[in-house]
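To begin, one chain is listed below as structure tokens, in the form predicted on its own.
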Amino acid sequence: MSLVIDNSTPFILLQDKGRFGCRHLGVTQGGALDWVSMGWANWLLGNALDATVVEVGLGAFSLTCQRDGVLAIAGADLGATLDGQPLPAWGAFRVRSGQRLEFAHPRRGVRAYLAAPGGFRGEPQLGSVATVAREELGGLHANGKALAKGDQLHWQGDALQMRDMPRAQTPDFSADARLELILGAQIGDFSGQSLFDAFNSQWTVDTRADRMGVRLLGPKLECRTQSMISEGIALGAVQVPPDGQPIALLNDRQTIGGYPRLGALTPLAAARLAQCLPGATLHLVPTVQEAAHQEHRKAVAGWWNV
């Protein structure tokens, strides 16, 4: 045993990169919503970047260490402490048997990622340990359940490294998010005024936000196409239902949908959106595929060039 969970909520989940190659079966992608922060949490310990981590949504999570070792956290600042002493939101740290690790509540961002040497153990299903409650897949007990009080977590490797994260690589979750969006096939069906409003208005994150999608509140967008034959939906797709309020779809989205779309957030933008609390404000920024690829490569290169 490595860690015993003392307190948990439905938002504390084992996650990794998610499931790929099985959407034709109706199985969603799943995986860490903020894949960037998950990557940095693993990088701090020298793990594979997609090793299994604990996604800590909103805090109210505590564990007791059952062996000496090292851990790392990255992502949202949830007021993490070790035996009551504050821990940095981004960093690796040593733990001793008997010490208590706690995540309190959001200060900046929504989701922190807890990494351990080699990643946490779990039984892969369809190639992934990612927890998806709706599909009863993944998680510690391979049933799609969140981590619960009394669960025991084990890490798989030895602590080979404890790295310091470059300050320049630390994202700022306090400022308004600017989310880049690649325009979609139905973009020409939206009115000119709606296209202007989409990219020149401030949007607010609604309380109706979960791992499946995030509804945005702002000006009503008008589209002459109200519905269409359902088709596959990519990560970050921004669909617009008849009420004109966009919904950005995240990792646990359905595999097909029939609403017209403005386009799709880039993977970096989808990760940033996952750190926005209800009430947060953001802007949509149009981009093109090649520019998005360059930004993506630049972000990934950050893990290899430091």
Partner chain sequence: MSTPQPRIEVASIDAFILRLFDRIDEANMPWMLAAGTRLRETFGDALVDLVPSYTTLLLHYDLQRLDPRQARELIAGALADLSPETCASGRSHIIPTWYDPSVGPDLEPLAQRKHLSVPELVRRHSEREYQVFALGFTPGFAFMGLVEEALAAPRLTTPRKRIAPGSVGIAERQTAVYPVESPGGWNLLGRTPVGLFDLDLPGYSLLQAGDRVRFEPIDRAEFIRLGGDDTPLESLQ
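All of these numbers come straight from a predicted model, not from anything done at the bench. Residue numbers count along the first chain shown, from 1.
Although it is not shown, the form predicted together with the partner chain is what the next lines describe.
Student: Using a 4.5 Å heavy atom cut-off, which residue among Ala148, Met162, Ala234, Leu217 comes into contact with the partner chain in the predicted complex?
Tutor: Contact with the partner chain in the predicted complex is made by Ala234 alone.
Student: Just one of Ser230, Ser97, Thr207, Gln193 has a heavy atom within 4.5 angstroms of the partner chain in the predicted complex, so which one?
Tutor: Looking at Ser230, Ser97, Thr207, Gln193 one by one, just Ser230 meets the 4.5 Å heavy-atom criterion.
Student: Kindly indicate whether Gly26, Gln289 and Arg297 are, all three, within 4.5 angstroms of the partner chain in the predicted complex, using heavy atoms.
Tutor: Yes: each residue has a heavy atom within 4.5 Å of the partner.
Student: To test your reading of this chain, name the stretch in 36-44, 63-71, 234-242, 272-280 whose heavy atoms come within 4.5 Å of the partner chain in the predicted complex.
Tutor: Correct option: 234-242.
Student: In the predicted complex, does Ala104 have a heavy atom within 4.5 Å of the partner chain?
Tutor: No, Ala104 stays farther than 4.5 Å from the partner chain in the predicted complex.
Student: Give a yes or no for Gln186: in the predicted complex, does one of its heavy atoms lie within 4.5 Å of a heavy atom belonging to the partner chain?
Tutor: Gln186: contacts the partner chain in the predicted complex.
Student: When the contact criterion is heavy atoms within 4.5 Å, does Leu221 count as touching the partner chain in the predicted complex?
Tutor: No - in the predicted complex, heavy atoms of Leu221 and the partner chain never come within 4.5 Å of each other.
Student: Whether Gly21 contacts the partner chain in the predicted complex should be assessed with a 4.5 Å heavy atom distance threshold; does it?
Tutor: Yes, Gly21 sits close enough to the partner chain in the predicted complex that at least one of its heavy atoms falls within 4.5 Å.
Student: Along 121-148, which positions have a non-hydrogen atom within 4.5 Å of the partner chain in the predicted complex?
Tutor: The stretch 121-148, when checked against the partner chain in the predicted complex, contributes Gln125, Leu126, Glu135, Leu137 at the 4.5 Å heavy-atom cut-off.
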